[in-house]
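Here we start with a single chain on its own, the form predicted alone, put down as structure tokens.
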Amino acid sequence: MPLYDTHTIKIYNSLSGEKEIFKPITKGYVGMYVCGPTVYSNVHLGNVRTFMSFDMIFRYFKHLGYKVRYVRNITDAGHLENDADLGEDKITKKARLEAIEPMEIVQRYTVDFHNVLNTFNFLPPSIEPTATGHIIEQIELIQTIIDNGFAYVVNGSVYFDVHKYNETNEYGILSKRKLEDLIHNTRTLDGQSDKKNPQDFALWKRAEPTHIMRWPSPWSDGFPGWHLECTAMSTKYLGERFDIHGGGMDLKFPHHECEIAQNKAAKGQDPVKYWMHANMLELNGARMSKSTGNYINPAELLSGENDIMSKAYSPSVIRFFMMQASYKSVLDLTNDGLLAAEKGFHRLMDAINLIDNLKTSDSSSFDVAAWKQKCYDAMNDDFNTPILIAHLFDAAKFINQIKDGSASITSEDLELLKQTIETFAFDILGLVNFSKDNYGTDKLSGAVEILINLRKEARLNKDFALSDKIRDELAEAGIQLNDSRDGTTFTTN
């Protein structure tokens, strides 16, 4: 019997604004689409957080035994500046600045995207389609929307008629915005005269003579609208109606709102059962922004080569930090927060590394089965990783009590504890236990233990200069000492 038969998941659905019991359209299968990056620059750390949230969700569905088709696209054309219908394509602009082909830009930053995600131990999606690889599907979708009376052609461009759509549907159903308010708050902008109304959005744009990326269509040589790409790719691989559509909170309007409208205009039904949105990542209490200098990219955070953080942090420490907050919560990235996460991560890994050497008893002083259920209850409650991590720390505390002889566990419970804590820490949260190889009887471990004992003696003798020298020189050699009430352990970078 698959685990999903005995576990009921509740998901916060952005469409209804409530937690709903997850019931897949087809039993045992999950179709999930997540809006991927526009590959015109290095991946943003806030994007990493969004994709990390859905990586965790993907992992948990797989753990429960679902057959998951996870589709995450690459936008390599059609995404204009400021998410608008005017201006220059982001990729084309970058290519023009560097005097190279747009597809060189696409290749460079797609590789960067994959490298960063691999560093943070992401699982690859089932399918990773590109916008330029699905031009035919997009043209066909546009023609269907035109035939159904919800789009019009002007000077070679095609626009979605929001007002016509709103006569029989609700534009704003996801973002909870009313078309009347959007009309009231819209300024008349130059260059929008092709549109019937400012709220209409582009399905296809006629390319200007200087526009490099262009394809033939029934209306003009041009390129697809950004919103249309996700509609075409999600329905191609997941069907006209699928289980989950995810992305960052910033995509709720207009991107996801337009996706709903396009699908309903083409297919006559809501495309998605559950809409999920990951919240924003701030830096020191303010929005990340390159223009203000309040910004740090993944490479800078990992290397320590920045003026914001006090040191470098490992990928698993950063991942652990992000998993300590709900995917729906705004998360503030700070040096203090990362330092605390680093200590917590090492405390958890140290406990896990003790398990194989624990002595068993005839009885257990910890209800492992009940604890295991609490771990599942946390994840089943809208993927509540902060509560899950709290339960993992409860287990870590118990492990240390067994080590100290103040608690006991049977061999059967110990095996269940080991299997469960490793499953949730590594398979579901996606952490990597880099320190595990340092435990045992190898020469490195023995040598470092000697130095740890020498440092302990130096501290007892108040020779803090020697104590600090041992710690600092080990750190320079890539060996990090971790002090706690239970003693000192080490990890390697």
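All residue numbers are counted from 1 along the displayed sequence. Source: prediction; values computed, not measured.
The same protein also exists as the form predicted in complex with a small molecule; that form is not shown, yet it is the one meant from here on.
Colleague: With heavy atoms only and a cut-off of 4.5 Å, decide whether Thr132 touches the small molecule in the predicted bound form.
Modeller: Result no; Thr132 lies far from the small molecule in the predicted bound form.
Colleague: Taking the shortest heavy atom distance, is Met103 within 4.5 Å of the small molecule in the predicted bound form?
Modeller: Because no heavy atom of Met103 falls inside 4.5 Å of the small molecule in the predicted bound form, the answer is no.
Colleague: With the cut-off set at 4.5 Å between non-hydrogen atoms, does Asn279 touch the small molecule in the predicted bound form?
Modeller: Residue-level check for Asn279: yes, a contact with the small molecule.
Colleague: Residue-level question: is Gly31 within 4.5 Å of the small molecule in the predicted bound form, judged on heavy atoms?
Modeller: No, Gly31 is distant from the partner.
Colleague: Among His79, Arg72, Arg319, Lys205, which has any heavy atom within 4.5 Å of the small molecule in the predicted bound form?
Modeller: Only one option qualifies, and that one is His79.
Colleague: Could you tell me which one of Arg241, Arg108, His114, Arg287 places a heavy atom within 4.5 Å of the small molecule in the predicted bound form?
Modeller: Flagged contact: Arg287.
Colleague: So which of 416-424, 279-287, 115-123, 94-102 is the stretch with heavy atoms within 4.5 Å of the small molecule in the predicted bound form?
Modeller: That would be stretch 279-287.
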